[in-house]
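Just the one chain here, laid out as structure tokens, in the form predicted on its own.
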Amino acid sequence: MTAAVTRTVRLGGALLLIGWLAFALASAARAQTPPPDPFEEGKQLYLENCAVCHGLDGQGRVGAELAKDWPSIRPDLTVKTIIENGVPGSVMPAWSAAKGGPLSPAEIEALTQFILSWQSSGAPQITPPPTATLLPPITPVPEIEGDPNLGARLFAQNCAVCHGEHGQGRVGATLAKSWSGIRPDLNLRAVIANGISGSQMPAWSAARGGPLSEGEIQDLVAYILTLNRTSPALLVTPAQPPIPGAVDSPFSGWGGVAVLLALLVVLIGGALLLQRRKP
């Protein structure tokens, strides 16, 4: 066997060893990342999408009570169907991606199982809502009553789940736009207070059974009218609960990629150096 062939064989063996090590590291990283807990996933989805209308413990708010026993042979199918398709003629929208909503089938399944955990045994302890992060103050729209900075907090707590955190629309209408009319503030105030009959927009005023005072509604109006020229003053990112049993690995995430690349560089450099030194 010639020296050139010998060097080629050695280099090929080194590259094969590198490939095997890369595969082993990737497999180890995957093995140390357990699958998400469906109950915890469902709880987080509920906090992000449902609690604003149905209450933190499913006790009901502007939406129906969910912490109850469901009178059905297959309550899972009942709850799942309602989440997927909404309730026509009510304020409950369709949440499935197939119907234009934001949730995948797997997310709806996890959400269904979490809601059904309230049947007989009562509601579990739910993680409190995330704390809002303050950003620079919003300048009010001239001649509009209310404080848009207080309205931003109210929007994040009550409206963003349907209308998007920037008012860009989600299962609810787009609010970040130019509002026509001589007094758009009066129109917005009436819609928030009284809802829209026959649509999925409920009444939010305390006088109509909702949770908001007249002053809070005016603050919301003041904030919404700023959405076409500024970003929300409060961006709320739901805190992700820790995954039970999860163990951080030095080979997971971007750290693992960096370690893997460094190892590849060292091994390739060593193989090339070895090749040059051999006759």
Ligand code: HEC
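Position 1 is the first residue in the sequence shown; the rest follow in order. Remember, it's a predicted structure, so these values are computed and weren't measured experimentally.
One more form of this protein should be noted, the form predicted in complex with heme C (HEC), which is absent from this view; the next part is about it.
Scan 85, 149, 113, 158 and let me know which has any heavy atom within 4.5 Å of heme C (HEC) in the model of the complex.
Partner contact (heavy atom, 4.5 Å) among the options: 158.
Checking a candidate spot here: are 52, 90 and 172 all in contact with heme C (HEC) in the model of the complex (at least one heavy atom each within 4.5 Å)?
Every listed residue reaches heme C (HEC) in the model of the complex, so yes.
Is there a non-hydrogen atom of residue 141 within 4.5 angstroms of a non-hydrogen atom of heme C (HEC) in the model of the complex?
No, residue 141 stays farther than 4.5 Å from heme C (HEC) in the model of the complex.
Is there a heavy atom of residue 222 lying 4.5 Å or less from a heavy atom of heme C (HEC) in the model of the complex?
Close contact is absent here: in the model of the complex, residue 222 is far from heme C (HEC), nothing within 4.5 Å, heavy atoms only.
Can any non-hydrogen atom of residue 39 be found within 4.5 angstroms of heme C (HEC) in the model of the complex?
Residue 39: no, not in contact with heme C (HEC) in the model of the complex.
Answer yes if any heavy atom of residue 56 is within 4.5 Å of a heavy atom of heme C (HEC) in the model of the complex; otherwise answer no.
Heavy-atom contact with heme C (HEC) at 4.5 Å: absent for residue 56.
Out of 192-228, which residues reach within 4.5 Å of heme C (HEC) in the model of the complex, heavy atoms considered?
Residues within 4.5 Å: 192, 196, 199, 200, 201, 202, 204, 212, 220, 224.
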